[in-house]
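One chain comes next, on its own, written out as structure tokens in the form predicted alone.
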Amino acid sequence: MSMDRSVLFNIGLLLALLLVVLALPEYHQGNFARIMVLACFACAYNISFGYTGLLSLGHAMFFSAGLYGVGLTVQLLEFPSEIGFLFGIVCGLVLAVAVGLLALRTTGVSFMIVTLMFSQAFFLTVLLFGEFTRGDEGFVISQDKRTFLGIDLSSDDTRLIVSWVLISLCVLGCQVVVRSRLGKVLVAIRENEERTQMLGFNVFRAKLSALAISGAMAALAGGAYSLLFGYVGATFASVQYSIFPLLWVLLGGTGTLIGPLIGTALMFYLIDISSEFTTAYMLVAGIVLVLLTLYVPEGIVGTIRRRLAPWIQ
């Protein structure tokens, strides 16, 4: 019964989000289109960190694999966007598996450092091939190439609806993963990896599966970002875009399905508002995050789940 309640709760929140966003002024609709795509990235990170306990600082390379996988094939090679989008997801998946096969031989802080090293190597590679990637400057995908299944993704209204569909699919898709046998094993690994291994589960394979799912979903978010907003740049491969999803998940609530979306929205507007008053807006965001970590260590949704609604997933 609690599982069904959780599903209805998440669907209800997603429908409420759509109604609220449609009623917002144009400026905030544009913001929320971006927030929802970035929240897909946060959901991907939550699979590896929130549910499996893999503290990665390399997810920017998965997001960027999708971003460049789409951008380069669509803009430079002039492939259809449908093929480019699929190629971007495959790039993220293959990269996640390749990195996982090496990085998962380590644990804890060592895993974090190894993933950071891989991510930085990917970032430097993007800069090295600046003739094609245009480095930090990036490049714009022309409007005529930003169509998907006959839908013009450059339209503001279409971009908003497509972003909502994407975050809905990611949240509900994560719920399917979490409720599956694999999801239960991942949570067991997070809580006690040694005991999970003693019970006969293949811990390495489960963690590799989690990283593969997370990498593919992050690449999906990156590919969607390139088509919806028409920009591809090396900034998205930098270390800050490996730290951002960690902050979004911590703020919203690790190991919760709707937490990454709430965390992304709050952090986005916190930075947006504070940047109007100071150039040190990341310092403001950092102070707020420290206070939340001290007084609400489980994140916003995690605290609500512990105090009021334990059935929330």
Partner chain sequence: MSKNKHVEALNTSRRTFLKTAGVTTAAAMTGASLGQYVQAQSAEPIRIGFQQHSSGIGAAYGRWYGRTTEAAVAAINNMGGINGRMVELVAEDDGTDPKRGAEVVEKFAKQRNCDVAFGTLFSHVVIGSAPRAGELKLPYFVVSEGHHVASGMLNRYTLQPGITDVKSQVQAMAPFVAGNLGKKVTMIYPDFAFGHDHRDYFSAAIEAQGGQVLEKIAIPPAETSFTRYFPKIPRDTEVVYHVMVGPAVLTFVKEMGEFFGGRGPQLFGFIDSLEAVDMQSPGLEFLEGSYFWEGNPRNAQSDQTEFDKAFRTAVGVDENGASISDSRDVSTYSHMFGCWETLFVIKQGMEACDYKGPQDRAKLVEAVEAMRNFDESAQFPQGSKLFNGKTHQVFGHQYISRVESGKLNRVHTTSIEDGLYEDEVDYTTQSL
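Numbering follows the first chain given and starts at 1. Just so it is clear, the model here is predicted, and its values are computed rather than measured.
Heads up, the form predicted in complex with the partner chain isn't pictured, but that's what we're talking about next.
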Considering only heavy atoms, tell me if I83 and the partner chain come within 4.5 Å of each other in the predicted complex.
no
My question is simply whether A265 lines the interface with the partner chain in the predicted complex - judged by any non-hydrogen atom within 4.5 Å.
no
Report whether the minimum heavy atom distance between T196 and the partner chain in the predicted complex is within 4.5 Å.
no
Give a yes/no on whether R179 approaches the partner chain to within 4.5 Å in the predicted complex, heavy atoms considered.
no
Within 4.5 Å, heavy atoms only, which of A188, V94, V140, L208 is in contact with the partner chain in the predicted complex?
V140
Would you mind picking out the stretch of 153 to 161, 84 to 92, 213 to 221, 167 to 175 that comes within 4.5 angstroms of the partner chain in the predicted complex, counting non-hydrogen atoms?
153 to 161
Does any residue in 33 to 64 get within 4.5 Å of the partner chain in the predicted complex, counting heavy atoms only, and if so which ones?
R34, L38
